[in-house]
Ligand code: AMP
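Before any questions on binding or motion, here is one chain by itself as structure tokens, the form predicted alone.
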Amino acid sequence: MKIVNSAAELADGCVFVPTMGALHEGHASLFKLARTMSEFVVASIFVNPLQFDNSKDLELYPRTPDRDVEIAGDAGVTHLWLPQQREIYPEKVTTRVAGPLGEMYEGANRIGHFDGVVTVVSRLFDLLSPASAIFGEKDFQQLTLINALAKEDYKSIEIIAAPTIRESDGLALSSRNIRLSENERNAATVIYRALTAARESKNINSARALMHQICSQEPLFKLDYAEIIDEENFAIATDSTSKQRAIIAGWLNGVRLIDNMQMNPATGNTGVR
């Protein structure tokens, strides 16, 4: 694996996996998928300041550079791109606006977050011109916005969604998990329990009620939202919605965790994703 500091050292046409570092097996799964598609796999590590709504959260974001290099190399990355801030954000950069979807759910609770996401992804795409880019389903609202960005301005780039990778107890892998104490880590499994209960429910109303009920039983977890949405537009789903997804977010001692799970309007069960 070659470590590079500038996109000028990279050729167009790679399969690209953008990250903010603090890599884990979820990221590794994206790298391995990319390597099945191409012998030219670029992963980037850039902690994007524009998507943090407060400086403390940016400061506390985990950074594990030595482990990142090891995980990326072992999982098949051929080029690890570590851009400097001046490359991503030169003096004159237009901040993109994520639009109405970017103001819902995560966007409503993290003002400007998705504007920062679409801005940095746009810059990365402009600098690298990949053939494909892979994003995980765990950040489903982000994935939806990036799909919209690509359809509008980057039609030549294929956006690939990869399934959420989970621990044996169902907790979705996240870079933020390392900030949890053992008790908080155990409490975090309430998210998976709530999602699976929703998925197994017979109708939307019972699914919503169960998510809230289960989350309320975990005193360490502060629920932000738990909803069943239409995957296409994030409108509140009804029993007749063809593509339903349960989404959830909350805090454990100031650490924000999000997750989601696809549902089936006919049976309430399509399997864990």
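Not measured: the values here are computed from a predicted model. Residues carry their position along the shown sequence, with the first being 1.
What follows is about the form predicted in complex with ligand AMP, which we do not show.
Visitor: Looking at 162-170, 104-112, 81-89, 193-201, which lies within 4.5 angstroms of ligand AMP in the predicted complex, counting heavy atoms?
Guide: Contact criterion met by 162-170 only.
Visitor: Though only this chain appears here, would Gly26 touch ligand AMP in the predicted complex if you measure heavy atom gaps against 4.5 Å?
Guide: Heavy-atom contact with ligand AMP at 4.5 Å: present for Gly26.
Visitor: My question is simply whether Leu30 lines the interface with ligand AMP in the predicted complex - judged by any non-hydrogen atom within 4.5 Å.
Guide: Looking in the predicted complex, residue contacts with ligand AMP include Leu30, since a heavy atom lies within 4.5 Å.
Visitor: How about Glu184 - does it come within 4.5 Å of ligand AMP in the predicted complex, if we only consider non-hydrogen atoms?
Guide: Glu184: no contact with ligand AMP in the predicted complex.
Visitor: Would Ala249 count as touching ligand AMP in the predicted complex under a 4.5 Å heavy atom rule?
Guide: Output for Ala249 is no: heavy atoms all beyond 4.5 Å of ligand AMP.
Visitor: Is ligand AMP in the predicted complex near all of Thr119, Ser122 and Glu152, within 4.5 Å of a heavy atom of each?
Guide: Checking in the predicted complex: none of Thr119, Ser122 and Glu152 is within 4.5 Å of ligand AMP.
Visitor: Determine the residues of 39-77 with a heavy atom within 4.5 Å of ligand AMP in the predicted complex and present them in sequence order; the list may be empty.
Guide: Residue within 4.5 Å: Tyr61 only.
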